[in-house]
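Included below are structure tokens for two forms of one protein chain, each presented in isolation as structure 1 and structure 2.
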Structure 1
């Protein structure tokens, strides 16, 4: 009886998971196997035509672009978030609260507002390049969007607050005596940070990197607004197939393919970190 009662609190979350994830996912898998008819319609069936398109050079290239952009944005956001969060946890309590309020306010912004805001900042007419011209660093204004660098910049801006919030609790609980012990042995501040702090925080860093990588894999607005068509990720192509090409079965197959790829990549990262003792 006691064993049965232990499972009672899990009944409601399991029901919600089944209703809002398992059932829609099963429907999406079924639709991905349907037959598409001319005119944007589809009928029940069982065919792997949509999945065969993934082995074409075009989609293999799109997959490589998507993974590369996600890795670059997640790595850049983590590289900025780690020293920032480290210094934030060493600041006074009021300073920490103020910065956390700013970070939470950034998260309240819609991704659409962020995307079009960065499009203005990276434009030729009213962008950052005009400020650089006024400072004498550039001869004339230049547009920095749509471009790969502009898109990655927008993705880093969107993911950076999440990285800070993921790292902040773990960094706050770090035992400062480890750094003090390294200091008494003559280690400089940068060396203490690299040889003591980062190895201890390795699990938190890997978890944050995985979370941001998966988040960028599903980004849609930023790549479409700030990137060129050759920089579009699979998330953008899924929306294009579903809304503009009226090819719902192929869009569902692409969504399943993207989910499978992300799960495989996360599994590989977890396996590699376990072998290294993280």
Structure 2
């Protein structure tokens, strides 16, 4: 009796996570195999039609664009985050806390607000181009969005704080004596960073890069606000199919595809960090 009662507190979490997370996923898997009813929702069935659409040029193009954009944004964000986080973990504690608040604020900032902010920053009337005109570097102000670069910039902006938070724990646990040893052997600060720090941190960096890639895969608002329609990512496509084309089975199939890709990548990260970590 007492042994059974002991597990009562887990009933509530089990119920909530089961009903509102596990069940929806199961239904989604089922629906991806259902028959689409044009004009309505869907009806039970078993067909691979929606998965077959993956090999159409339409889908493959979206997939290529999504992967390319995610890779570019994740790579750029990592390139900024690595030296920044390295320096951050060496800063005084108060400085670290202040930066962490800024980083967390930006990370939690709605994609909508970020998109809006950058759309102002890249606009013709209020944006950076006005600053360049004032400095005499540009003849007249120009709108810099919608554009591929504007969009990638926005994505780097949302990914950067995530990258810093991914790297921060690993970097702050780095054994500083390794750097001191390198210093006694005559390595300059940049040299120590490149020849000791980066190689030791390589698994962590790869893991972070993959996590960031998955993170950008989920971007939805920024491609729509800052990009052109040909830059729209898979996430946009899924929403569009589900809400505006009323093709929920196809949306579900794509979501499951995205899920599978993400899971494989995350699994890769887990393996990577487990083997090298410890």
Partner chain sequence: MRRLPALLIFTLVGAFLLAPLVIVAGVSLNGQKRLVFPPREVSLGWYGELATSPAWLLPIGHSLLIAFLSALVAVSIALPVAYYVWRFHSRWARALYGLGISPFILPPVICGLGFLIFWASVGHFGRFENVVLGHGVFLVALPLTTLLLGFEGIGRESMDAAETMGASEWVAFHTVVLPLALPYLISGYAFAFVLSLNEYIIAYMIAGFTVETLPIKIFNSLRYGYTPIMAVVSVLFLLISVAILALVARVSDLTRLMGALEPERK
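Numbering follows the first chain given and starts at 1. Between two forms, the rigid core is the largest collection of C-alphas that superpose within 1.5 Å. Computed from a prediction, not measured in an experiment: that's the story for all the values here.
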Return 1 or 2 according to which structure is the form predicted alone. 1
Note yes or no: does the Cα of residue 76 move by 2 Å or more between the two structures after the core is superposed? no
Please say whether, between the two structures, the C-alpha of residue 135 moves by 2 Å or more once the core is aligned. no
Classify residue 181 as shifted (yes) or not shifted (no) between the two structures, where shifted means its C-alpha moves by 2 Å or more with the rigid core superposed. yes
Superpose on the rigid core and then read off how far the CA of residue 16 has moved between the two structures, in Å. 6.5
